[in-house]
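Only one chain comes next, encoded as structure tokens, the form predicted on its own.
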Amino acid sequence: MIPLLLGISLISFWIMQLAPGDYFSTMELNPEISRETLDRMREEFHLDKPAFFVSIDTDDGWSIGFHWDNQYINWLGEVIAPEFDTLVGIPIIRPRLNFGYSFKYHVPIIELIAERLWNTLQLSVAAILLAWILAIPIGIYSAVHPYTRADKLFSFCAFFGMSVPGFFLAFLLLYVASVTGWFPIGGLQSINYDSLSPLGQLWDRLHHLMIPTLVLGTGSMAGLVRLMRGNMLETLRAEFVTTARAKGLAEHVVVYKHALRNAINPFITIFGYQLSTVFSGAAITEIITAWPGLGRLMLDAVISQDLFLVMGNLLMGSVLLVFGNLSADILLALSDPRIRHE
């Protein structure tokens, strides 16, 4: 996992360098800020140094320079530098996790990410729960009752959900909410949130969460329904299911104890990707629905070329992807004894 995260950070840092200039380039147009001040700020954040180990100069012909003191190494050093701490009275060494300082918001990156991460996790977890709680029962029902009217209706809804772009569905639901007044049209909470009771505050947060959750959960649920139906249909035709029925087992035991356990294995693998996929897909939904999460923060950071804030967001998504895959592998091994013995 460590080489993978290093590779992701290196490529992300390189992509950010493709944009001309930096955050301080826009400040050069302000006559109140002197050139010396901008140079001093660039030096403070190591932006006066080359971006990577190697630089190619074509002004005076082709020349290649090697630089160990560069922007990427300075940033990475602050993130992974060892720091001594104590855990339950036991001294430990942990990475510093200093992602740098935001040029635009003038606060440490870790504080910005921690502030917005909880909102994005709420949205992502709610979308995953909605998708899985509805997709698995619908997929099982469609497989047990194939080619019925209900199965055809569910299949049509699944294809519709996979076909409709998330941003279009978000605009459509916001339009419906503005016309009917059933849901808030954006934001995290109402204006009178502080004056509500604890139960009223909980309902207000859930009420604002409904539209972005429906947008994110619909696309995931549609694909999961089709996959669950296909896996269950294939499993129900397997020989061990026929044997279980021949032994006289009840149909619900055959379906939910024998067939479902074998059909759900691919879903455990998908779960590892689901969190990171929903996490990244939440960005557009957050922007459209004005949900104050990491997606809106990332957009502002890219537009303003807030380099360290972009890198912190990208690294956070990468960590979720890597640990999501790790958790999927562990859950799959716990679910399937054949994997544990390989």
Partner chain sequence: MSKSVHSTILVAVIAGSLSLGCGEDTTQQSTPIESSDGLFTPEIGTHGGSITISESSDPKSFNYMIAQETSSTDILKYSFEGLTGTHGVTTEVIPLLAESWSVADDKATWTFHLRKNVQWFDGMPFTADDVDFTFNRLVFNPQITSSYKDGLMIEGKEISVEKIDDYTVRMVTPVPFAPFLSQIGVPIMPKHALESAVESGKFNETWGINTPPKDILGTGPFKITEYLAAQKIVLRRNEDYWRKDASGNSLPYLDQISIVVVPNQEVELLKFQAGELDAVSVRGQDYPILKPKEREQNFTVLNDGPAFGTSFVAFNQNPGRNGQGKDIVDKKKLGWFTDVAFRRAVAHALDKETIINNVMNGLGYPQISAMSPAAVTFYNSDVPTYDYDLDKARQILADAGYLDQDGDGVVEDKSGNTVEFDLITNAGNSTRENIGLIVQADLKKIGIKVNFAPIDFNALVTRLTKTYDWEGLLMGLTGGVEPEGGRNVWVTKGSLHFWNPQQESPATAWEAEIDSLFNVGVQELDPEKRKLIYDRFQHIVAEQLPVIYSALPAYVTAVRNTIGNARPTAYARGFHDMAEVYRKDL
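Numbering follows the first chain given and starts at 1. In this text, the rigid core denotes the largest set of C-alpha atoms whose superposition between the two forms falls within 1.5 Å. As the structure is a computational prediction, the values presented were derived from the model and not from experiment.
From this point on, the text means the form predicted in complex with its partner chain, which you will not see here.
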Worksheet, complete the sentence: In this chain shown alone, the residue from L260, L112, A135, L209 with a heavy atom within 4.5 Å of its partner chain in the model of the complex is L112
Discussion item. Can you pick out, from Y147, F84, F156, F168, the residue that has a heavy atom within 4.5 Å of its partner chain in the model of the complex?
Written reply: F168
Worksheet item: Which among 221 to 229, 263 to 271, 182 to 190, 127 to 135 is in contact with its partner chain in the model of the complex, heavy atoms within 4.5 angstroms?
Response: 182 to 190
Discussion item. Is it true that I11, Q17 and L331, all three, sit within 4.5 Å of its partner chain in the model of the complex, judged by heavy atoms?
Written reply: no
Fill in: Heavy atom of F160 within 4.5 Å of its partner chain in the model of the complex
no
Discussion item. I'd like to know whether L174 contacts its partner chain in the model of the complex, with contact meaning heavy atoms within 4.5 angstroms.
Written reply: yes
Discussion item. Taking its partner chain as it sits in the model of the complex, is H46 near enough to touch it, meaning that at least one heavy atom pair lies within 4.5 angstroms?
Written reply: no
Worksheet item: Looking at the partner-bound form in the model of the complex, is E239 within 4.5 Å of its partner chain by any heavy atom?
Response: no
Practice prompt. Could you list which residues of 208 to 240 come within 4.5 Å of its partner chain in the model of the complex, counting heavy atoms only?
Written response: none
Discussion item. After core superposition, I'd like to know whether L38 moves between the shown form and the other one (criterion: C-alpha shift of 2 angstroms or more).
Written reply: yes
Worksheet item: With both forms fit on the core, has A290 moved 2 Å or more by CA between the shown form and the other one?
Response: no
